[in-house]
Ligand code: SME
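Next up: just one chain, as structure tokens, the form predicted alone.
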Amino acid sequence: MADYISTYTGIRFYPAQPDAEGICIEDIAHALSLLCRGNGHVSKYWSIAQHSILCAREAAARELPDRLVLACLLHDAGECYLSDVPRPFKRELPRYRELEDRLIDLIYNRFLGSPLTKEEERAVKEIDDGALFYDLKELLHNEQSETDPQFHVVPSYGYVPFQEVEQEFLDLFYRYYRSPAGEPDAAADARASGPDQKMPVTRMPERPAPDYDLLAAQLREFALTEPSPMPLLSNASALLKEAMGDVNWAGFYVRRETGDAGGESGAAKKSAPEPELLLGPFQGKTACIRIPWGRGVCGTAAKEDRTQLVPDVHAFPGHIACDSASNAEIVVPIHDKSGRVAGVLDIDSPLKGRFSEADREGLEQFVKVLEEYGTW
């Protein structure tokens, strides 16, 4: 048998001999969102990730430093690799506790720059124990003898799909992460310049780039069958969502005029109002229905008539957040036969820095098929 585990992102991780380079925040978020609290002895499903998110939000509500908010989020991260062991049994496993302590120090060192001080450990444990109070009361219906910890954040134990929990965990991580001093320059450069840039901190699993030539050829066949916008854009969004990894939304916004100029004043007409972008066919969560011309990434692409490749949408002036899970975006203008912008192709990703120049070139090639064969 192998002495490593294969993680969600494809990393071979050796729990007994952990390597900091193998610790991946995407693995942690995914595994903890699927691991149930209390070894499953609960009245409803509640994951370790949900418990960790509660702790982090409580730390933020108490206005603790970002470092401690992140520490609360990661305080059970070792269970991603070692699994969860109930406290009474854990006391009988000195080797497990040794490995757990070493691993959590390694995780803190990786993402915080150093292990926690004793004072920081006490602060995290206080919040962890407070969250446990509510977990036991709500999930096991155990009346607690301890005093109610009076959390600032009101725990909600309703069911949430694990994918949403996983994304919320990552969103919190990216919000509070600061690159520790001494991190390899290549990793820091890959994220961005500037100390406040919160980019992904691990190597993502390699994935083959989409075959954009094949996608364009498939789209052309659809267009030859039916060139009208509705079926063509519907199939186009499905093609892209299926072919592109780490994409949470792929679709289109189409141009819509907003009315006439309102009559004449003297000999001159008033200037015509700008059009807007109206939601078209898409694959993904519900989205913004209307986007003003020139606003956000889509509106900017339409008004400037230029592809917008945005590694971090939160740094884009006037960004319109239709889905809080989206962190990177690429938008390509689409033209009608007269050369006027008729709409845009919009693709979002939860991973910052997801889109490359190769994606820009491939998607612009894809859009040319829409322009050539579609009826606009």
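Start at 1 and count along the sequence shown; that's the residue number. Note that the structure is predicted; figures quoted are calculated from it, not measured.
This next part talks about the form predicted together with methionine sulfoxide, which is not shown.
### Task
Choose one stretch from 42-50, 57-65, 312-320, 22-30: the one whose residues place a heavy atom within 4.5 angstroms of methionine sulfoxide in the predicted complex.
Stretch with heavy atoms near the partner: 312-320.
### Query
Of the residues A123, L112, V165, A287, which one places a heavy atom within 4.5 Å of methionine sulfoxide in the predicted complex?
Only one option qualifies, and that one is A287.
### Query
Can you check whether G296 is within 4.5 Å of methionine sulfoxide in the predicted complex, heavy atom basis?
G296: contacts methionine sulfoxide in the predicted complex.
#### Entry: Heavy atom of F169 within 4.5 Å of methionine sulfoxide in the predicted complex
F169: no, not in contact with methionine sulfoxide in the predicted complex.
### Query
Is there a non-hydrogen atom of F133 within 4.5 angstroms of a non-hydrogen atom of methionine sulfoxide in the predicted complex?
Flag for F133 set to no.
### Task
May I ask you to check whether I291 falls inside a 4.5 Å heavy atom distance of methionine sulfoxide in the predicted complex?
Close contact exists here: in the predicted complex, I291 approaches methionine sulfoxide to within 4.5 Å, heavy atoms only.
#### Entry: Sequence-ordered residues of 339-357 touching methionine sulfoxide in the predicted complex, heavy atom within 4.5 Å
Counting only heavy atoms within 4.5 Å of methionine sulfoxide in the predicted complex, the contacting residues of 339-357 are D346, D348.
### Query
Hey, the CA atoms of P161 and A321 end up closer or farther in the predicted complex than in the shown form, with the change being 3 Å or more?
Relative to this form, farther apart in the predicted complex.
### Query
Once you compare with this form, do the C-alpha atoms of Q163 and D348 lie closer or farther in the predicted complex, given a change of 3 Å or more?
Compared with the shown chain, Q163-D348 is farther in the predicted complex.
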